[in-house]
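One chain follows as structure tokens, the form predicted on its own.
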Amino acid sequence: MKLVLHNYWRSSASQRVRTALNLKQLAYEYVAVNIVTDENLGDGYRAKNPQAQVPTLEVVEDDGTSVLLTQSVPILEYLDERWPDPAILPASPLLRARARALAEIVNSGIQPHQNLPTLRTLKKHGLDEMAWPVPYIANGLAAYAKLAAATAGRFSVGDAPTVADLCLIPQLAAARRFGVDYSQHEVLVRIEKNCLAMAEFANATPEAQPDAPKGK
């Protein structure tokens, strides 16, 4: 079996999947797709991902058959169902729901406002594309911190990384990029520190990727 991850160094959705693959100790081939130069809009990539987004995970089985998986959260759930150890979704139904809710604060509540197509559209209409996401990021992280306070141990839900942390860590990097200060949320600062102390998280960060420009 072979895993091929089509992704972009600064894509937060890509970072989520890289982290999960690292946590599960799954080797994968890294294929860079430059969304800034619109490489994702070409026919070749659209054949893999009709929405022309990253990431896309290609799973090639030993018999030569393959499948293409899109959208980071379903990819994370696929990885957890196929390779359940270590789990990134808690065993408890309640805590699993909590972890998913935290992940969705980022995935559906914050990220769409900072995606490259959104920023390009804002700029096209003469708006400040770097200022637009700021309130959504700030408000989303405040909500995340409030909910995580009830479940957090070393990580967002207990003392092991979950899907929530896989979404949070890339989002905190994006917050810094857009100038959003989250230092007042002690729980977020603590979780980030604990996550990035792990090689699995650190090696998935944007600056550690082969397609990252030098000095980024």
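Quick note: we count residues from 1 along the sequence shown, nothing fancier. Fair warning: this is a prediction, and the values are worked out from it, not measured in the lab.
Not on display, but discussed next: the form predicted in complex with another copy of the chain.
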{"query": "Contact check for V67, E77 and Y136 against another copy of the chain in the model of the complex, heavy atom at 4.5 Å", "finding": "yes"}
{"query": "I88: touches another copy of the chain in the model of the complex, heavy atom cutoff 4.5 angstroms", "finding": "no"}
{"query": "Any non-hydrogen atom of L147 within 4.5 angstroms of another copy of the chain in the model of the complex", "finding": "yes"}
{"query": "Another copy of the chain contact in the model of the complex: Q184, any heavy atom under 4.5 Å", "finding": "no"}
{"query": "4.5 Å heavy atom contact, G153 and another copy of the chain in the model of the complex", "finding": "no"}
{"query": "Residues of stretch 120-152 in contact with another copy of the chain in the model of the complex (4.5 Å, non-hydrogen atom)", "finding": "T121, L122, H125, L127, W132, Y136, A143, K146, L147"}
